[in-house]
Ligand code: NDP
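Shown below, as structure tokens, is a lone chain in the form predicted on its own; questions about how it binds or moves come after it.
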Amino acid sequence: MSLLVAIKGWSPNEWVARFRVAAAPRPVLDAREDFDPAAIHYAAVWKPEPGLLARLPNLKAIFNLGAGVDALLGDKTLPDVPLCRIVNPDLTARMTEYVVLHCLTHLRQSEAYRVLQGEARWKPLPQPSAREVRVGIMGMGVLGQDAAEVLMRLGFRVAGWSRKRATMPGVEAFAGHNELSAFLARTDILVVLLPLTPETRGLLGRDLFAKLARDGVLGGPILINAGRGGLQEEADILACLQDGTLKAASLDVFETEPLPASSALWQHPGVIITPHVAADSTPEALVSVVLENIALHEREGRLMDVVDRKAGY
């Protein structure tokens, strides 16, 4: 049964080559080339052209090659077949690396010391410990729980918020709209790993930032968004940085990607920008996940990590 690889915005050649080696003798077809739509039974995709998957009459399953499926769900022609997201230890570990790196960057004032270095100034800054800092993670799925575990080992006081309550030892659990304000009120560093859904779009704005803790040892609330760009209102982030509602922000995702050169976020001294690479994994790590899921489907008629389309993740 043939597999179609359709990738936009990454390096398709590398992915197609890896799939062809790992899937042999299964035919692997490149969406950029001519192919018989009726021959396709599975599709591995990242932001494919809208309407492409609807042209495949024998499609049995779609495998999204990134963590977020909002781009796919935005295609009104998406066929009614199982859609699977990637859950992979390599991707999870990379996201945890990013979250921990930026929590420590803000805790240990790395950016301030780099400025002092540029000025050749020897100036020790006040240094609170991780034990004094409250991290709040929005999105307590696989990625959020892994990040929480590592942050706790470093001493951070961790809480988690999600649509449905997710409990894990040592983490204070909050859930739903009614508990969001209490979660924010105890949070010094807000880590956002939420999916993008109609309910979460634009959630990260002034109203939410104003509810973050004001009594923390870091001198003000800090935002780390490695979820989706559509979660945030960038004009509000800039305005809140200017008036002190936020102290700093680490942003890996943006409303428009690539982030336009005209964006004031690039030049703001309180902002750290990375180009949507927080959980960047490799074809080697992810191809095997897709092929294992296909093998499971052909062997047992079931799939792992199927997306709930109504929930959006």
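Start at 1 and count along the sequence shown; that's the residue number. Given the structure is predicted, the values throughout are model-derived calculations rather than measurements.
Note that the form predicted together with this ligand isn't included here; everything after this is about it.
This ligand is not shown here, but in the model of the complex it comes within 4.5 Å of a heavy atom of Val142. Among residues of the shown chain, Met95 is one whose heavy atoms approach this ligand to within 4.5 Å in the model of the complex. Arg228 belongs to the set of residues with a heavy atom inside 4.5 Å of this ligand in the model of the complex. In the model of the complex, Asp75 stays away from this ligand, with no heavy atom inside 4.5 Å. In short, of 132-140, 119-127, 213-221, 76-84 it is 132-140 that has heavy atoms within 4.5 Å of this ligand in the model of the complex. Exactly one listed residue, out of Val253, Leu52, Val45, Leu59, brings a non-hydrogen atom to within 4.5 Å of this ligand in the model of the complex: Val253. Proximity to this ligand in the model of the complex, defined as a heavy atom within 4.5 Å, holds among Leu241, Leu208, Leu91, Val100 only for Leu91. Taken together, the three residues Trp161, Lys164 and Tyr313 all lie with some non-hydrogen atom within 4.5 angstroms of this ligand in the model of the complex. Contacts to this ligand in the model of the complex (heavy atom within 4.5 Å) from stretch 240-279: Asp252, Val253, His276, Val277, Ala278, Ala279.
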